[in-house]
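Here's a solo chain for you in structure tokens, the form predicted alone.
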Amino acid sequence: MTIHPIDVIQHKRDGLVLSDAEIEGFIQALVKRDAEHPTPTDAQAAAFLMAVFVRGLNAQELAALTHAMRFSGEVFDSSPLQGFVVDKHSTGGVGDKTSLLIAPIVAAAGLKDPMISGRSLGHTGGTLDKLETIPGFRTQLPLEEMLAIVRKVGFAMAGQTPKLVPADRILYELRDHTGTVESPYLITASIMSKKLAEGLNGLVLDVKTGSGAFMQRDEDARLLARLMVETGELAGTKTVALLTAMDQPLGRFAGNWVEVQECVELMQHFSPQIDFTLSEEKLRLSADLLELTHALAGHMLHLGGKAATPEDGADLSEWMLLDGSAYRNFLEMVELQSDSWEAARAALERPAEFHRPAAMRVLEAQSGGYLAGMDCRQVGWAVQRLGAGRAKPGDPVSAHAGIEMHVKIGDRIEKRQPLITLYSEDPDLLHEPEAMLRETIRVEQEMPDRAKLVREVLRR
């Protein structure tokens, strides 16, 4: 049966339930663009997106859309790995660098993680941009090479290939121009089609909520989490979602190289073979990063049968740092994905020395009290305007731009105490971010309540 795009649009516009064949036909026609498939115009694709935005999708429609997008191009064949294949995905935050720790941790425990990551988007950072600050590191890998690296090390960290889930690339660009980015149904199809294309047995989702998240309200984040869990389970992938707080930057740093630096220094600190120690204060400032890392990795290890409970998995995750195996895995992965291992190793061995921004500025407290809060989204935009993010797709990003947090919400602070250090490769870029940060940091006389980092766990 021939599927005509206008029929699909009208059916969804009028509130009818689309069949699997209608959805499959529309997506195939969008990607293949040949004589056998009546090709939707950009206007028709935009109309389809708006109809979904307004009308929504039921569980079967969402599963069908995700399936059609997932198989719109090549997929990663995980069967040769002969193990439990797992990954995690974050909906995006400020200073969210857990992937850099989680992938080597779960691989050290015996799971396989072909992690396909993205770039910075809006006020949030991107794992690929962070990894590419490692000298010579390659994020664009053919799927065959990615498979070989995962077989050897247990994980790889790369970007989406041009042929992987091409339907998402087409629809995502249109969503950005049609006011449909925020649809939880379209977000779910976009995220899950790419993750399921990795051939996963298990998936753990980190769904952010709070001022620094795309879904700032708990109820919106919870709906998105439920949709993604249901979609993953219907596709045969064990899926769990953690609702986590994004009201302040995660860990000490937000930026690109500085986030790699934080993770590498933590792995070095905990590795008994490495003569390196972080101060108690720096460890305290990274405590939330470690807590979330072990929580997410714990659920991954539980899904993969390496731990009886997620709590046992978190303990195992911690041990993978303490015995140095995660750090050894990370270095081996970088060596295999680097065009210049000597340069990469030199940077990773002394990450603080490699961090050499052209300009820096310290933001001090104007009064004493307690750090009561901030608009974390505005903090993210300040990091972006220091040069760490993009004003538009394709813009270059600065390796060394970013911020270092010296305090956390709830900390007692004194007048003139350093709160945040700003880094940039252009001194002229310091002024606006400094004003943005000063505007949003709230110091009050009463200690605020400390919110839980992991607010809820959602399963099928």
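Throughout, we count residues from 1 along the sequence that is shown. For clarity, every value in this text was computed on a predicted model and none was experimentally measured.
Another form, the form predicted in complex with a further copy of the same chain, is not on view; read the next lines as being about it.
Since the partner isn't included here, can you check whether a further copy of the same chain sits close to all of 256, 385 and 423 in the predicted complex (heavy atom within 4.5 Å for each)? No: no residue has a heavy atom within 4.5 Å of the partner.
Counting any heavy atom within 4.5 Å as contact, can you tell me which stretch out of 43-51, 414-422, 58-66, 429-437 lines a further copy of the same chain in the predicted complex? In the other structure, the partner sits against 43-51.
Counting non-hydrogen atoms within 4.5 angstroms of a further copy of the same chain in the predicted complex, say which of 152, 284, 177, 138 makes the cut. Answer to the contact question: 177.
Please run the contact check for residue 13 against a further copy of the same chain in the predicted complex: heavy atoms, 4.5 angstroms, yes or no? Yes - in the predicted complex, heavy atoms of residue 13 and a further copy of the same chain come within 4.5 Å of each other.
Does the 4.5 Å heavy atom contact test between residue 9 and a further copy of the same chain in the predicted complex come out positive? Heavy-atom contact with a further copy of the same chain at 4.5 Å: present for residue 9.
Closest heavy atom of residue 220 to a further copy of the same chain in the predicted complex, within 4.5 Å or not? Heavy-atom contact with a further copy of the same chain at 4.5 Å: absent for residue 220.
Proximity of residue 182 to a further copy of the same chain in the predicted complex, heavy atoms at 4.5 Å: Contact check for residue 182: yes, within 4.5 Å of a further copy of the same chain in the predicted complex.
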